[in-house]
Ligand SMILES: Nc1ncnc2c1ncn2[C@@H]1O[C@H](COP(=O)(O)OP(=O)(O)OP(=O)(O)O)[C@@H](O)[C@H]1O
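Form predicted alone, single chain, as structure tokens, below.
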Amino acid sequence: MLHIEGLHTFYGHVHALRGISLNVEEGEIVTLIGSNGAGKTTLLNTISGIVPAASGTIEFLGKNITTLPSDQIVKSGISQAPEGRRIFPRSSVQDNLEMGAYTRNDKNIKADIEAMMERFPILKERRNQMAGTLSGGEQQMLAIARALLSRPKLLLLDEPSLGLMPTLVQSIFKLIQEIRNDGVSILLVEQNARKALAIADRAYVLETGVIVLEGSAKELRESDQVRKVYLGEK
């Protein structure tokens, strides 16, 4: 579904991604783990067209999307729920959801918004409330719901559990599995490596812009390096 080959990205003079190659197959949850500053968010933003690629290729469903603008990438079937949620705080929950369908022009938008409200009852309850007044967990649900309203085939999730209470973290990971079961493939960046590896099919470890390990989630959970550095085990 997603094929990245030899991807290089710069922030000014900083070489942020150094020859990244990875794949996401249809129906998979693939997780990216790594320390802060490793380049995980940069990779998602490069896929989304927010940060330009310096070289290398990004193919999605057999089409080269490396140089496409972000709106065209969304139309092609990739959506992102960014780190920090990035909801529109002074707009209502309803308006935020409508923005998720901004690139669509079909007749099913209203029905899809209502279906999303049913899936996230708290959003239905607060549909007219300013999004910035929601709790962190509610904002995360809104960010994911907004991303899903573009009807993506691939969902990019950037730190969905960041800053959430432990009870909500479990709900978010359950939701990620449900989204995959609905037929949406997922590329997941997550600080909670243990939980990410528990639900993922495959995983990549990113260090200073380079992939240093890859394999099945089970293989990485059993890796001494991953257990020591990212799972806090000795």
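Quick note: we count residues from 1 along the sequence shown, nothing fancier. These figures come from a predicted structure and were not determined experimentally.
We do not show the form predicted in complex with this ligand, though everything after this point is about it.
- Stretch-level contact check against this ligand in the predicted bound form with heavy atoms at 4.5 Å: of 62 to 70, 31 to 39, 174 to 182, 194 to 202, the positive one is 31 to 39.
- The partner is absent here; in the predicted bound form, the one residue of E159, E138, E98, D112 having a heavy atom within 4.5 Å of this ligand is E159.
- Contact check for A16: a non-hydrogen atom falls within 4.5 Å of this ligand in the predicted bound form.
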